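We begin with a single chain expressed as structure tokens, specifically the form predicted on its own.
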């Protein structure tokens, strides 16, 4: 369990993270979302002891990162996929990390094979594509076989096949009971992967919960198409319905689809479509991060 309690970071007059209190549970993939500059990376860096909080704590099963006896065996982190010496091979990079992680050298090839870099183990990192660097960064995080993973933009640079592979891998790691936290500024990147999401806006958590609950929080409307729009508009005005234009006809707020169908039939108005829709996840996400709402 990763627990953040009142976590706050100020840089002069700028508050990058503001009183963040959340729990990241094991056995689930949690998406850490928000636009660029929302405070995601600063939060991760505070959790890893790289930035000192102005206030609050970040603990792993009750201990700060600095209090962990063998940190790499408890927490695997990937904050940047570019922080490698270009002259080292992928294997040599991991071999330098093996002693502090207290793992045998053989573990290095195991994780390289696991992330699909076995054939490139002896290639210099300077020759790697951005996607290969992302895989190497993940291999570094997995070296100590930690129960907690903190991954900043893990699919950055991956091709569609690599993104699909990453999604399957993260789901499998969570299924083993690990705590998996992935940050992104794009909801679409975690939609098919995350169980839960934490959405930040201007350093504050504006939503914590499941993707299912986030989607259901959107406003529901009924989309109506008719060959006689003026007649339907007059009916809506008479009954006090909220009517808005829609690419497929009208979007009606207030009445249920059944109520609209009954009223239209009673008025002799033919309907070609009567469908209930809800706001997309993207709409809900944008509404939250633009300060138009807050859901807990």
Partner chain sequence: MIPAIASENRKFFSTRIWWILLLCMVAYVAFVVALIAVVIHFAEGVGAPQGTIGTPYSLPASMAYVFPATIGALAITSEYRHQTLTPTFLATPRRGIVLGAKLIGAVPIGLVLGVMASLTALAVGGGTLGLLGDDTSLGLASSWRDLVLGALAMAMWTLIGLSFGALVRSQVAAIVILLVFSQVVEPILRMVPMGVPAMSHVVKFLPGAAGEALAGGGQVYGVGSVEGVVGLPAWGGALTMAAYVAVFAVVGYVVSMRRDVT
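Residue numbers count along the first chain shown, from 1. Everything numeric in this text was worked out from a predicted model, so none of it was measured.
The next section is about a form of this same protein that is not shown, the form predicted in complex with its partner chain.
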| item | value |
| --- | --- |
| Non-hydrogen atom contact residue 98 with its partner chain in the model of the complex at 4.5 angstroms | yes |
| Partner contact for residue 71 in the model of the complex: its partner chain, 4.5 angstroms, heavy atom | yes |
| 4.5 Å heavy atom contact, residue 83 to its partner chain in the model of the complex | yes |
| Contact of residue 27 with its partner chain in the model of the complex (heavy atom, 4.5 Å) | no |
| Heavy atom contact within 4.5 Å of its partner chain in the model of the complex, the stretch among 234 to 242, 50 to 58, 260 to 268, 27 to 35 | 50 to 58 |
| Residue (of 185, 88, 202, 171) lying close to its partner chain in the model of the complex, criterion heavy atoms within 4.5 Å | 88 |
| Residue (of 105, 176, 159, 113) lying close to its partner chain in the model of the complex, criterion heavy atoms within 4.5 Å | 105 |
| Contacts with its partner chain in the model of the complex, stretch 2 to 39 (heavy atom within 4.5 Å) | 9, 11 |
